[in-house]
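Have a look below at one chain only, the form predicted alone, in structure tokens format.
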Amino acid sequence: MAKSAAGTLYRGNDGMWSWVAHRVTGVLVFFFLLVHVVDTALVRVSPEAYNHALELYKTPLVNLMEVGLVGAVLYHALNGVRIILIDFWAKGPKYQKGMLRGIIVVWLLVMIPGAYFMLIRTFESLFGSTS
């Protein structure tokens, strides 16, 4: 197996970390979808339990989790497009590091203002209006 300064060829390099992040975000999105299906099914079983679940979703902690969910879905989608390009574009493997850096930049450009707008009401309710 080829060795590099950081260990084996893949351990610790950009490709390995993007692989790990892709798998973790995929699992997080799966568990969200599972919870979403269960909480939506509550409306038929117990409308009171469903209403209670909806009230829980209005808490600041869940708002932070929503930002995390959006970040996970966005990274997973962008990295998925990158993986498709690597697999089906002849020059994909050559440009995979540049594409990874590109998706990180796009992710940051979307997530920073997105998180602000998603969290502004939570911060206003916790700390008072900023205007």
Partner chain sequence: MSAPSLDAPRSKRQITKNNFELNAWLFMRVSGVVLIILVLGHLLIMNILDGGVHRINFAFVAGRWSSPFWQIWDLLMLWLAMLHGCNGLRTIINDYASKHATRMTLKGLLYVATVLVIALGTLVIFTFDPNIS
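Residue numbers count along the first chain shown, from 1. Since we're looking at a predicted model, the values are computed, not measured.
Keep in mind the form predicted together with the partner chain is missing from the figure; the text below concerns it.
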Tell me whether Val38, Val45 and Phe117, taken together, all sit within 4.5 Å of the partner chain in the predicted bound form, counting heavy atoms only.
yes
Using 4.5 Å between non-hydrogen atoms, is Arg101 touching the partner chain in the predicted bound form?
no
Quick one: is Leu61 in contact with the partner chain in the predicted bound form, heavy atoms, 4.5 Å cut-off?
no
Thr122 versus the partner chain, in the predicted bound form: is there a non-hydrogen atom within 4.5 Å?
yes
Taking any heavy atom pair closer than or equal to 4.5 Å as contact, tell me whether Tyr50 reaches the partner chain in the predicted bound form.
yes
Just to make sure I understand: among 56-79, which residues lie within 4.5 Å of the partner chain in the predicted bound form, judging by heavy atoms?
Tyr57, Lys58, Asn63, Glu66, Val70, Val73, Leu74, His76, Ala77
